[in-house]
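Encoded as structure tokens, the following chain is the form predicted on its own, with no partner shown.
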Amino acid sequence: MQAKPLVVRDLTIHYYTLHGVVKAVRGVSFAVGRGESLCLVGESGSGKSTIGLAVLGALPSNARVVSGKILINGVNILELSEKELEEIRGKEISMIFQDPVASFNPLFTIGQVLSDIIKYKLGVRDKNEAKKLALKALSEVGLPDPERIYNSYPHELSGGMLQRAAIAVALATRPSILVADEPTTMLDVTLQAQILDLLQGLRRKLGLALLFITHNLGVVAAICDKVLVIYAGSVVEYGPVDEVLLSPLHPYTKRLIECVPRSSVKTSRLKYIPGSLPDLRKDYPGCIFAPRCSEALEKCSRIAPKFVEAKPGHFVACHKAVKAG
């Protein structure tokens, strides 16, 4: 059996700050195969983007991987030097960021950025060949008149066109893994749908292993095969996207779904999850979500629930959900 392009095992990450050690990611594990898509879902501050940066080997200087493995096509990148990481980053794995403007230098045209990446990462020395590959990348993401886009500066493009150009940059080197960190957050709903459709098509066409990071469960259904729900750095639920969205087991997942606005439901107020994320500098003996959970049992604050398979392929870390199952 062919190994999956992206495998993360028992990943634990701490941030070292002036106010103490922030335990941002706590024993997270998952895998994404070729042509598969996995969504990391959770509130802001839950550790999603930290995991994305770790997978790219681009954590900030005050972050440390305390334990775990990150395997990119079978290679544990945590054991590589920075020079060796540079060989993998942008070639075997690429990332799309939330703000497409931040992906480009305003002093250079889209074509200059694309051509430089193709020359540097793919070793293409011929300028005409580099331009040919750059135009092909722009065409693949559905941009009209690739020649004009190639010669345009970032400020000359709309938000949707710039995000497509950013996707072209990420995929120009034909990586096997793509990390997309909230790539539609800054776009209107029409453009969101277009970008999601584009990513779906490219994932299938190129056989990408797609790791999609979002806080919006409404987006999850449109792009992912499986979903990993994260709360305060810990995985609380995992399973096929339809199973998790239609039959959520963890109270946190249920609350996240309730917070998604629906045109079919009339309400005077948007729903929210009471309380706030816990202090991640501390350790918690029981379920870390217990203080905010309306379904908490007496033992939830004392005993940490095990992450178990409650239904075939559907895993959860919740005393009540396992008891009910």
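From a predicted model like this one, the values you see are computed outputs, not experimental measurements. For every residue, the number given is its place in the sequence shown, counted from 1.
Quick note: we don't show the form predicted in complex with a small molecule, though the next part is all about it.
In the predicted complex, the small molecule stays beyond 4.5 Å of every heavy atom belonging to S67. The small molecule in the predicted complex is approached by S49, whose closest heavy atom lies within 4.5 angstroms of it. The small molecule is not drawn, but in the predicted complex it has a heavy atom within 4.5 Å of G45. The small molecule in the predicted complex comes within 4.5 Å of a heavy atom belonging to V22. Contact with the small molecule in the predicted complex, judged by any heavy atom within 4.5 Å, is made by just one of V28, L38, L280, V55: L280.
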